[in-house]
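The chain below stands alone, shown as structure tokens; this is the form predicted on its own.
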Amino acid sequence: MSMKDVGYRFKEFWDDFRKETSGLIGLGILALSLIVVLFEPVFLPFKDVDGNWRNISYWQDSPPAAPPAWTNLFAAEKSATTAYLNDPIVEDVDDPDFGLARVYTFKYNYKYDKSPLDMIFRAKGDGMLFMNLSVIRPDGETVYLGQVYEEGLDGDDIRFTVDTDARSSVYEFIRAHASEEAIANSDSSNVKPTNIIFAKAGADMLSAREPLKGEYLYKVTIPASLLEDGTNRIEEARLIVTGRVSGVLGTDTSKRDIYSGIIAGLKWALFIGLVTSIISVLVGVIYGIICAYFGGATDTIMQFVFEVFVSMPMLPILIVLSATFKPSIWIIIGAMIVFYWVGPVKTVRSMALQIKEETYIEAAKALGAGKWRIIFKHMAPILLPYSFANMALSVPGAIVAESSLSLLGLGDPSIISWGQILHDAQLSGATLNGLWWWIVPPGLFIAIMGMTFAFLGFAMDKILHPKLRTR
């Protein structure tokens, strides 16, 4: 078949395909999915998700079990969203404690009703570093947070959190403003520091907290003399304001960003579905052609093998295999191929029985063409296009099967899949705790991906199978 013939047939197929609205919708979703996979780093807010999904320390700056940021639109009281401040203002100023000092200032505009959960200062340092940390509030009050002293640094991480490291300092701020009666009547030592920092100061600030909105200045002050010789350095200074709502799809109880998990899991959903369906359908098509062409005892034996495989329950056997062997994505894909190849066999066999009697097949035999040449050269190229619909329709089943195994805890823990996300949600009691954003998105994306290939499969089925054509 020449390239001109291929181009003509493709154009003929496309002219029919674009008349199918469902097929175009499926093709559009698939194209968008492939773009997301190809440019995954662009869409991921956390760049190293694949290698750190189960690394607790990687997610330690995120809020636990935080709803999506867009839920603020439907809330009467707005919650602070997670913010990343990576560009501080750096200036040398006269400081009463250090004399000449280098000050890193982060500006944060607080415009919410509920305060952030934490404020986390992070940086990398070399040598020895000593710094004071404080927050200047919109009312002019300064809240001293504490000090950091580190030595022997060699590109090591520096981390200071208001929630844990500044509790005693914030308590001093409470004592300076709240009434003795209010302090006596409440356990102020257990008050969340950010609730105090972002509330108006007053005698009853512990019981009747009123948000203090405006611009906050988070200052990190370092003696300039420490930085003069260049051996002591601070780099990549940044401030993370940990909000009560976070990201596009929120976080789970391990502080992981669910949106990042969904995006990272997309490539595995496509990989599992496409590899399983393509290999299994190709095997099934060749198997059906061989059955039809050889006939007789060969066909009887092969049909018996087919009946054995088609009668075996796939999911229970996959569960047994995953429980017996170390869970691996390759074992799961291989096991699914073993069961999925039976799908197109009956249809292909019936079509091959008709093609086998065609004149050009008889002519090929008369010219001395071998059996395998006839199968692969003359019969398979005709029947393979009719199997494309089967390929598309097999993808959803493969995705759901892997998700089912992962949901049962029998999936490959080394990858991020939507089933793994649902499994973690089940273990953590997401349903009982009302963490709907941990359950709905992966389930919805499994359904959308299945719907995408179902639309493509139904459209191609109508076009490629003459009895179903709608022209």
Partner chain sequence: MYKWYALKRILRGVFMFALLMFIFSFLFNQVNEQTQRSQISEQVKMESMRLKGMKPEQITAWRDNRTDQLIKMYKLDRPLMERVLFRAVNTVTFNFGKSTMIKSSKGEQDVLDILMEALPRTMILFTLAIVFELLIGIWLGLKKAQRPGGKLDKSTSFITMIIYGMPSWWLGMMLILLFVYVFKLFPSGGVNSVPTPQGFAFVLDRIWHMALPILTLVILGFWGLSFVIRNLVLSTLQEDYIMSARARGIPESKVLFGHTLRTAAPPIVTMALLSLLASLSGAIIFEGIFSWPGLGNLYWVAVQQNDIPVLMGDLAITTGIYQAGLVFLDLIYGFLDPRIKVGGKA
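Values in this document were obtained by computation on a predicted structure and should not be read as measured data. Positions refer to the first chain, counted from 1.
What comes next is about the form predicted in complex with its partner chain, which does not appear here.
Though its partner chain is absent from this view, in the predicted bound form it lies within 4.5 Å of a heavy atom of just one residue from I416, V37, I439, L44, which is I439.
With the partner omitted from this view, the residue of A65, L27, I446, A69 that lies near its partner chain in the predicted bound form is I446 [heavy atom within 4.5 Å]. At least one heavy atom of F455 is located within 4.5 Å of its partner chain in the predicted bound form. Using a 4.5 angstroms threshold between heavy atoms, I317 counts as touching its partner chain in the predicted bound form.
Taking the partner from elsewhere, N52 is found to have every heavy atom lying beyond 4.5 Å of its partner chain in the predicted bound form. When its partner chain is considered in the predicted bound form, P396 lines it closely, a heavy atom lying within 4.5 Å.
Judged against its partner chain in the predicted bound form with a 4.5 angstroms heavy atom cut-off, the residues V310, F325 and L410 are in contact without exception. Only one of 424-432, 44-52, 57-65, 27-35 places residue heavy atoms within 4.5 angstroms of its partner chain in the predicted bound form, namely 424-432.
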